[in-house]
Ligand code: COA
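Below sits a lone chain in structure tokens, taken as the form predicted alone.
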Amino acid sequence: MMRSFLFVPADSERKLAKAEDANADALILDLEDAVQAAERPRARALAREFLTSRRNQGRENTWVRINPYDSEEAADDLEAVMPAAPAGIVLPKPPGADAAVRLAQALDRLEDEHTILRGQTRILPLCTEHPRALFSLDSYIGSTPRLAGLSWGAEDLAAAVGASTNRDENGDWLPTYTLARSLCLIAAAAASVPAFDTVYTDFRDESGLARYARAARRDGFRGMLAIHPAQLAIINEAFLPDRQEIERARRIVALFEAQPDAGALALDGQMIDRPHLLQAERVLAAIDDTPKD
């Protein structure tokens, strides 16, 4: 289970070194928004070096955010980092699943070229950053076996629609972005992949982050993106079930195991049925799948 993905600007040797000790379930080396165009050749070289180093150390869950697939720089990004076999590619601003499909085809060629197991490199689209994408999110269903999940973004979407802000005076998402978040979550469920919530940009607001992360897990997200190492402990804890949830999940599973033909059963004065069993199994799976240090 991937609870936390930490963005790391690939042009910063200091931040790359600091990320080595970060308690992120996965790292995302950023070649896109966090890097000025003039610095991207250097960032690509640093990203490749970092990926090679981590692979040699047996620490392989490092991803790369490339530039949008229809940009001139995306091909350069892929050519630079694929020899070092990243765990996956984060795909920004896709107008639809077709961009992920075309990326998957490029990865087929690059994996073969660099003797990487075909299909090993996963794809995580940021599926709401392009306005057109919101009208076709169901196209991710069955799009590519490389699809590792879906995440979303509000900053690029706000810029695209011409909004002056994406949050209200209380810091909550405005309706446009609540819609995008919900559609990402539903599209991921329809495609049978996990959904990961977007970044919480105020990295100094620990209590706000904790509330946001807990709400994300409540709503069905499996993890979220992070922009600062200080956010990781809060995110990782928020996406783990607490002791009461675990105990109740174990009781539900045991109850259905004892009566496998039952459609509905009573527990603590409440009726539970198969959806409750599915949720209980997910709670227990979250414990089993949590990365170990």
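Because the structure is predicted, anything quoted here is derived from the model rather than measured. Numbering starts at 1 and follows the sequence shown.
There is another form of the same protein, the form predicted together with coenzyme A; it is not shown, and what comes next is about it.
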Counting only heavy atoms and a 4.5 Å cutoff, which of 76 to 84, 216 to 224, 110 to 118, 197 to 205 contacts coenzyme A in the predicted bound form?
197 to 205
Tell me, which of 246, 46, 34, 255 has a heavy atom within 4.5 angstroms of coenzyme A in the predicted bound form?
34
Mind checking whether each of 6, 19 and 65 has a heavy atom within 4.5 Å of coenzyme A in the predicted bound form?
yes
When the contact criterion is heavy atoms within 4.5 Å, does residue 276 count as touching coenzyme A in the predicted bound form?
no
Looking at the partner-bound form in the predicted bound form, is residue 228 within 4.5 Å of coenzyme A by any heavy atom?
yes
